[in-house]
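As structure tokens, one chain now follows by itself in the form predicted on its own.
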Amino acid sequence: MSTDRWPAWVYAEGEEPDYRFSLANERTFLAWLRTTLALIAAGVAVNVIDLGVPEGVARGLSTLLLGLGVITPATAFVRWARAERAMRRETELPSMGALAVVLTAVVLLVATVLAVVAVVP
């Protein structure tokens, strides 16, 4: 057990798991950070490039993408920490549960509204 590593609330518990599992967990976290960069780049691009859609739709889509770009790294960190703690405690890996369902529903709803606004004159 090591308490000199950050975050202590993750590393202060349990035994050191197999390095392969910790590294796989970190690779997943880094993949979400890569997704964050793509979301932010897409949000900026939608705002800058003329897509031929009404300005409100472009701004809404840009805001949605940038908002997801802000939420994603925080969610990824929480997910990484919960998985690392579970591995250290030798318990089942946690799921996102209701939060994943709510986030997916909100994103789909906003995307649908934006698509309808863009198609209907």
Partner chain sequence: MSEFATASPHGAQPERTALSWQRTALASATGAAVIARHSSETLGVLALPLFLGTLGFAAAAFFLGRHRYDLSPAEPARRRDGRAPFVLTLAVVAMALTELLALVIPGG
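Here the structure is a predicted model, which means the values were calculated and not measured. Positions refer to the first chain, counted from 1.
Just so you know, the form predicted together with the partner chain exists too; it's not on screen, but the next bit is about it.
Among heavy atoms of L33, some come within 4.5 Å of the partner chain in the predicted bound form. Contact between R59 and the partner chain in the predicted bound form is found at the 4.5 Å heavy atom cutoff. The closest non-hydrogen atom of G67 lies within 4.5 Å of the partner chain in the predicted bound form. Taking the partner from elsewhere, T63 is found to have a heavy atom lying within 4.5 Å of the partner chain in the predicted bound form. Here is the short version: of V113, L103, L23, A12, the single residue with a heavy atom within 4.5 Å of the partner chain in the predicted bound form is L23. Of the residues in 71 to 87, those that come within 4.5 Å of the partner chain in the predicted bound form through at least one heavy atom are, in sequence order, P73, A74, F77, W80.
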